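Next up: a single chain in structure tokens, the form predicted alone.
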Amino acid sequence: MKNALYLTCLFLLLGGCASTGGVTSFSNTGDTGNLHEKETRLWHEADGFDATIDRSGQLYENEQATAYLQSVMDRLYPEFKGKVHVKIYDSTQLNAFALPNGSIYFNIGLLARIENEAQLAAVLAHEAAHFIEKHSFKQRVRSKNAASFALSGIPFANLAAVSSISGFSRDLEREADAKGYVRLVKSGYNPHEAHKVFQHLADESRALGLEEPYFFSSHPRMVERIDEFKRLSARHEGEGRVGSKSYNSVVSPIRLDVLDKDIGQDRFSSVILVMEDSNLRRHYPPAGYFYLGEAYSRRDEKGDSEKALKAYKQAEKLSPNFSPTYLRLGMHYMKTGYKDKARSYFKRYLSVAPNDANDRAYVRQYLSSL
């Protein structure tokens, strides 16, 4: 329980681009003997934070996706291969952050919103630039910021303070943008995709009525980030790797997980926003319509019942082997008195659902009562 509390507090503090430095030099042997004492201490705190996250079970277990993200990072910074480690964090918040020891965490929520590999590379290149350029040591946060969160007795509080409370100055953010942009082009990616990540998130924050999405809590205003990447890419002639197919083949199942978790966290507006926007929805599997139905059903405002039924029927049409849809349709028709339709959908559910599905016993009871 204590570890969970520490993680919760730290994760709140590490919101936004919680990037830090901590690299004085790297030798081929990975020797850190020449690191400054404070950097060494910070490095060890980061190792402790890594261990806490690992023990908490908050890492998203998907070997294919983790290896894919790591391959993009290694392509961007080949000289840091084996020293900068990308990990996937099991949170739907639009967030990514880097630690002083080279660990970079990428939330599944942010992965779901990104459209292609070039956009992913833009974020990874930016995060790694903060880490490599030691930006946290160029702009130290004031110690009183840590005290204001009453974390003085919590392990890794100093790490949280150095990482993200104050955030970086606009000059340092621009430097990370510029250096990340150079890596993006050098690695063969299309830099014209970079600003689109931030544009999508800016649009989403505006649509949901948020002042800024979580990912940007320590960044300059999003419009500045968008304009900066547009300015940088305007110099670039030609195209470059976009990687839509490879990215979406890896991230597609993660997107469904994000929708499912958003429903579980009552983030109905986020699900509705994504699945009602044709530009966003096209990246999601057809079963995403099921979660749109869930969002409307659980929000339960005027007209939502009809919208939910329409979404469930669309999921039935486009993803006929997705068993949860039949369960929900059976429940709908049972409640509205259409017993024949309810029986038909419950039977269809039993024929499609896995044998170990938790709801099978309940469905049999429903059939008996009908």
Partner chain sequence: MKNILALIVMAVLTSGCATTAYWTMTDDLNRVAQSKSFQMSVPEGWVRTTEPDTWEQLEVGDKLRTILLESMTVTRDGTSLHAITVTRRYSDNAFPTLKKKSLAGMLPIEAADLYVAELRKRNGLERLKVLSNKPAQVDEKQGFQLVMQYKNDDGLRVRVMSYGFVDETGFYTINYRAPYLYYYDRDHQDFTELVHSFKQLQGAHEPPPKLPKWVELFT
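On a predicted model such as this, the values are computed, not experimentally measured, just so you know. Residue numbers count along the first chain shown, from 1.
There is also a form predicted in complex with the partner chain; it is not shown, and the following applies to it.
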| property | result |
| --- | --- |
| Per-stretch contact check against the partner chain in the model of the complex, the hit in 111-119, 83-91, 250-258, 175-183 (non-hydrogen atom, 4.5 angstroms) | 83-91 |
| R299, Y362 and Q365 all contacting the partner chain in the model of the complex, non-hydrogen atom within 4.5 Å | yes |
| R41, heavy atom within 4.5 angstroms of the partner chain in the model of the complex | no |
| Contact flag, R328 vs the partner chain in the model of the complex, heavy atom cut 4.5 Å | yes |
| Partner proximity in the model of the complex: T66 to the partner chain, non-hydrogen atom cutoff 4.5 Å | no |
| Heavy atom of L309 within 4.5 Å of the partner chain in the model of the complex | no |
| Option touching the partner chain, based on a heavy atom within 4.5 Å in the model of the complex, out of Q58, S344, S319, T336 | Q58 |
| The partner chain: the contacting residue among G238, G209, P78, G264 in the model of the complex [heavy atom, 4.5 Å] | G264 |
